[in-house]
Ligand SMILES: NC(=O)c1ccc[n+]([C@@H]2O[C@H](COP(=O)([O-])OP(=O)(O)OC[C@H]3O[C@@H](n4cnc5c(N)ncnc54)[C@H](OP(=O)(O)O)[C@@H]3O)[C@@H](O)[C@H]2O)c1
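The data below hold one chain only, encoded as structure tokens and taken in the form predicted on its own.
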């Protein structure tokens, strides 16, 4: 019988902003595929509170890592942010979800579009060798409200240094003007060809697959924008170009 939980130990909590943080946990028994998520739980006021979180680490890294935002009146997200090193925490024993490479066709160009903390599963995937043997170019797109929320810059630089012009990183900032980021929303800029021009890569159906992960409105609206330029939803029995996962 499979255990419901693996007891892990908090190794560190990194605070990116007042609300954004990453938690690293030692729980070697947990097994998953890059791009998946599992549940984390704490006992809060004598009640077990559990929520799904995507892995940021790759399966061959020693520590588990999860990226989260504390939300007002969110009992688990605010409690996780305040944990001390050495605290005990429950982690689901296996990964779940289909935002994984074996579900994605082999194409020249893979686009990974994320809002907020949904960049996490893409970083997990991009730390694996498999992602770089399957695609010629990877375009990672991260949309946030403020530039301070463009986290994991060190990890992104390591990927960029390792893979050079095979890796393209594009950012969106919606609530302030910045020098290098696109202002506004992903679906609007796809319709205007702005994102494609910034990447220097066309979204040609023959060469393209797009993964969408994050805010449900972004996923829905971007899917519509992609369909208008000739892409379609990918299903096992009907191969296409768009794979989606809502992040809450």
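None of these values were measured; they are calculated from a predicted model. Positions refer to the first chain, counted from 1.
If you look for the form predicted in complex with the ligand, you will not find it shown, but the lines that follow are about it.
Undergrad: Quick one: is residue 70 in contact with the ligand in the predicted bound form, heavy atoms, 4.5 Å cut-off?
TA: Output for residue 70 is yes: heavy atoms within 4.5 Å of the ligand.
Undergrad: With a cut-off of 4.5 Å between heavy atoms, is residue 207 one of the residues that contacts the ligand in the predicted bound form?
TA: Contact with the ligand, no.
Undergrad: Residue-level question: is residue 217 within 4.5 Å of the ligand in the predicted bound form, judged on heavy atoms?
TA: Output for residue 217 is yes: heavy atoms within 4.5 Å of the ligand.
Undergrad: Can you check whether residue 141 is within 4.5 Å of the ligand in the predicted bound form, heavy atom basis?
TA: So residue 141 does not count as contacting the ligand.
Undergrad: Taking 4.5 angstroms as the heavy atom distance cut-off, pick the stretch from 145-153, 131-139, 101-109, 158-166 that is near the ligand in the predicted bound form.
TA: Selected range: 145-153.
Undergrad: Looking at 194, 221, 202, 61, which is the one with a non-hydrogen atom within 4.5 Å of the ligand in the predicted bound form?
TA: Contact check passes for 221.
Undergrad: Which pick from 94, 171, 174, 178 sits with a heavy atom within 4.5 Å of the ligand in the predicted bound form?
TA: Comparing distances to the ligand in the predicted bound form, the residue within 4.5 Å is 174.
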